[in-house]
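Okay, so here's just one chain, in structure tokens, the form predicted alone.
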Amino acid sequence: MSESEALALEVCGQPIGLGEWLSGAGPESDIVMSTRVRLARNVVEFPFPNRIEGDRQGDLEQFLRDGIAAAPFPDQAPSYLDLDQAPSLDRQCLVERHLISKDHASARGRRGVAIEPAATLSIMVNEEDHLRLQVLRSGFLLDEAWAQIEAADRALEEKLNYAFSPELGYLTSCPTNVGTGLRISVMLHLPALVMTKRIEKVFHAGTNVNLAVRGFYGEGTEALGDFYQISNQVTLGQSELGILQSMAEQVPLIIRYERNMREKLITENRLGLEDRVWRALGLLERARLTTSQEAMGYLSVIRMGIHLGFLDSIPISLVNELFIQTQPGHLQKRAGEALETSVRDELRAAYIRERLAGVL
């Protein structure tokens, strides 16, 4: 299987790329998988989504869809996907690619998502708020991600009348988002902190500075493959630049902590750490059945091993990609049908063996 074939996937009839965030090319990408900047916005012409009834939801969805289509985006215009008409498997794939939320995928009624070709920008329509703009970039790219989403936000504001209060700022369905409507989330790969049982210290430290620590798919999800999302909890009373500055100060502390623990593991037991990495690779090279959780765990160890210099033949982009391509939705989408768990475990193992064989 060629790399282009592995990346190819149609969702709702539209080709959707895996996204630049999996390239592993951004700053601090040995620890930081991705930086996500999200804005919550509502328009004055309609109530919040949780207050809309009947046909008004459809009217709102069409109103927002038209606004997105007319907006003068600085880059390529996004393609609109109708999630109400999309098969559940397509919606699951979008969740696995971090382009929509689980709640957006499982909701009922008229809703959609607009995704630009490179899949760095996506705009959820009729989620918790009328619009949820998101930019997702590889590595620790706060300033670049903010600049991209700010440009998209300004383009939309030329065609849509946002609900804004001079006293409170942008008005949102949830009070925790009122003000800037800005949520920054950095996905960190922290295997050494998990191995040394120091991860709880990160949770406690985050709470003390108003940071939330969540799982691989955000709020309400568990950590998979030693990945954790760190995000700001407060928007009201803070400026956009203040939130950006806070994340720019706090995230590097966690990055440094993880690097120190990796150095500690190497100093105290390099051979044991190398053995753990090579065992994970051996299992994935030979396994005939692999659960999603097992795959995430082994790939996590291999990812760390690559950045520590133990493995040099496996591209980091391939490992990052396998985290997504081996998820249940993607396996079933590739197969073209719903599959039992045992069949998925078999196909997952075969797919990983095939992709690894191409680089080893």
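Every value quoted in this text rests on a predicted model; they were computed, and no experiment measured them. Residue numbers run from 1 along the displayed sequence.
Omitted here: the form predicted together with a further copy of the same chain. The next part is about that form.
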* is_contact(residue 72, a further copy of the same chain) in the predicted bound form, heavy atom dist at most 4.5 Å -> no
Answer with yes or no whether residue 151 is in contact with a further copy of the same chain in the predicted bound form, where contact means some heavy atom within 4.5 Å. no
TODO: Answer with yes or no whether residue 272 is in contact with a further copy of the same chain in the predicted bound form, where contact means some heavy atom within 4.5 Å.
DONE: yes
> Any of the heavy atoms of residue 157 lying within 4.5 Å of a further copy of the same chain in the predicted bound form?
Replying inline: no
Counting only non-hydrogen atoms, the one stretch of 42-50, 329-337, 55-63, 289-297 within 4.5 angstroms of a further copy of the same chain in the predicted bound form is 289-297
Practice problem: For the three residues 278, 282 and 360, verify that every one has a non-hydrogen atom within 4.5 Å of a further copy of the same chain in the predicted bound form; reply yes or no. | Solution: yes
